[in-house]
Ligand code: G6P
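Okay, here we've got a single chain as structure tokens, the form predicted alone, with questions on binding and movement later.
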Amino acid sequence: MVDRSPFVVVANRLPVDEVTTDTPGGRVTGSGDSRRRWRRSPGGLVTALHPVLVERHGTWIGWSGSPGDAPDPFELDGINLRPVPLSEEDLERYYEGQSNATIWPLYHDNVEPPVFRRRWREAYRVVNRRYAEAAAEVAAEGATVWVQDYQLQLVPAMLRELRPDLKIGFFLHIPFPPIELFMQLPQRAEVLRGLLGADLVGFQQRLAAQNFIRLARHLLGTPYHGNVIEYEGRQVKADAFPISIDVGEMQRLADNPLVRERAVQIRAELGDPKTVILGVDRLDYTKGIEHRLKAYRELLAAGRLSVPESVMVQVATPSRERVEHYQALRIKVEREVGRINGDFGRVGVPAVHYLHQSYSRSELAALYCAADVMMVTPLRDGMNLVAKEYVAARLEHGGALVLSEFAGAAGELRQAFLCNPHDLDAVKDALMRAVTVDEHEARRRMSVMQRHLRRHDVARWASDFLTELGAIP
């Protein structure tokens, strides 16, 4: 007999990481040789939803992170976890293929050309059905189901067909493209109908919600009024719910004496430069890392910045390394780093410290505390939480944020130094304004942004969405 839950979250991944059995802490599942240990993974989404899941005896459905048979359902930190199996072929076709080589680039303004393959579309359909069936199985009568992100856009309609009694929400964490781009998608009507299976479809920005409403009218002829679409005798709401971070958690990290000490150590390891410029991104072609590096190189070449008075630290977290676009990007970025260091560095004093690795939350907080300027210059981004993390971590220390106009965060963090990342001269000017800003002005700008984030943290985001869905009275 399956335990049914009144609140269910459906996401590509479970909010846990598998750890070795000799690592202290975590939850052990299985027995004998099949014993596995799990820990809750860090992240704003699980932080925001954890209290709701615990209070309502909720269930989170997702992939465990290892290909092959799924582990048995288990409980961790008060959350019921229902793993969904994904094979190596599923990962290649549904995840790396349709999700990340087709939908991801298309939704990010075709920054790289999307690849369209029929076998990927079929795999996407099959896997989405698997997630929908899992949700239908564990959801209690009249339950609320919240489906997350672009990998699972067919789930709402599939789930409604299986369980019309459910209240279904969907949130897209990445941008939603204008009609002209979405119409290129071979699976376009199916994806749109999939999303319209929800009662509430949430987006990062108001323009994305408007794109969705207009697309439904254009492609399916659905009437609408305001942000409500009339579809198959139901009303589907579409609106913006900008996601945020756990502000308190980041501020506590930044205020930790060990983190502060590490920040001082980082600056010393960098040679105590006058200006530390930081970039922290997944190694993704949407993040504008190449453009940022070229802007810095041109400023060095023009003598507007110099080494060792300034130094750039670029953290590029490994991402989707089996996807061809990402392999090519890594080569380009590392080539540009080598060129800058070859032209402007010297023995023991590189102009750019390039770090292609993942870091702990505490080490990232130390980097944020150490950096005078944070550069967040994506070519297109749904939100970009790194920008918000930097602001939250600065406490009373000032600092400056250079932010792309095409990041969702730009709509909220208006006191950042905004720029068009496609215009290198604009990026250079924004960076120089950030480097030379008066200390009092820097503190004022940072203070205004911090007040906004404290009022609009990730818990507020989840509460706003679930209240609009009618899941919270």
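This is a predicted model, so every value here is computed, not measured. Numbers for residues come from their place in the sequence shown, where the first is 1.
We do not show the form predicted together with the ligand, though everything after this point is about it.
K.L.:
If contact means any heavy atom within 4.5 Å, which of 209-217, 270-278, 167-175, 193-201 contacts the ligand in the predicted bound form?
P.N.:
Selected range: 167-175.
K.L.:
Which residue, 149, 290, 77, 92, is the contact with the ligand in the predicted bound form, using a 4.5 Å heavy atom cutoff?
P.N.:
Result of the distance check: 149.
K.L.:
Exactly one of 397, 282, 117, 129 has a non-hydrogen atom within 4.5 Å of the ligand in the predicted bound form; which residue is it?
P.N.:
Here the answer is residue option 282.
K.L.:
Can you confirm whether 13, 104 and 320, the three residues that make up this candidate site, all sit within 4.5 Å of the ligand in the predicted bound form, judged by heavy atoms?
P.N.:
Checked in the predicted bound form: all three residues contact the ligand.
K.L.:
Check whether residue 100 has any heavy atom within 4.5 Å of a heavy atom of the ligand in the predicted bound form, and answer yes or no.
P.N.:
Within the cut-off, so yes.
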